[in-house]
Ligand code: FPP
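Take a look at this one chain, the form predicted on its own, written out in structure tokens.
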């Protein structure tokens, strides 16, 4: 498979850390979809450094998720207990730090333009994480603020992956960056939608978890824009707490009434269309973004 080489390099990088406890904890993490590595290998399939870059970025992504689970106090990740649930927040943070530092030390072997792009995207990712925490303190009805946070927290690293892979292959990096940015935004918006429409088994986490955790994702912002003043206040009162059956029913029926899920999905689809338009001849990238928009978990 195309990702086998990446997985082998990841194993090698972890082994080089030479700390059995870190290796053991890392082995418990689910690899996930490896979207970032797949993207790099699709853009630069024959470049000898592409698998290493993919492995580095996947270590960065894993580190960010470890820290994210601590911040969110998440007990599961992709259907399995999180490291902070099984070994505590301190261990999760330290493992994340180990993965970040190993990734950055490995990144120094690349052209400075590539190393700088990835490093700057991780700074943006951290800023986006801080924005997410701050915005979770109250109901957020500002669509632009949410999309900015989404870009920083999720899309910027994917944008950088596409940009750097294009540099490796001596393709036009700006066009690939547009694709990567839109792919990242669409990916997270579909996640927003699935948190509402999918069940807990498919998601690997409780359904409606985002809103309970205080995250006002795009469907809730779209719903807020449609509601009366009284119903706006009702929606705000649901923010950041567990909902009973009647409250969930009101939420679902209101979203259905105003076509909120369709509106959010249409925005994600428009992002995908723009990404494909930027690279009309890249069939492999068209396939990746089509999979993202059609996925059910």
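Residue numbers count along the first chain shown, from 1. Fair warning: this is a prediction, and the values are worked out from it, not measured in the lab.
Below, we turn to the form predicted together with farnesyl diphosphate, even though it does not appear here.
Checking 225, 111, 129, 120 against farnesyl diphosphate in the predicted complex, a heavy atom within 4.5 Å turns up for just one residue: 129. Heavy atoms within 4.5 Å of farnesyl diphosphate in the predicted complex belong, among the stretches 22-30, 243-251, 60-68, 261-269, to residues of 60-68. Among residues of the shown chain, residue 100 is one whose heavy atoms approach farnesyl diphosphate to within 4.5 Å in the predicted complex. Using a 4.5 Å cutoff between non-hydrogen atoms, residue 215 counts as a contact of farnesyl diphosphate in the predicted complex. Mapping the unseen interface onto this chain, residue 175 falls outside it, with no heavy atom inside 4.5 Å of farnesyl diphosphate in the predicted complex. Contact annotation for residue 106: none of its heavy atoms lies within 4.5 Å of farnesyl diphosphate in the predicted complex.
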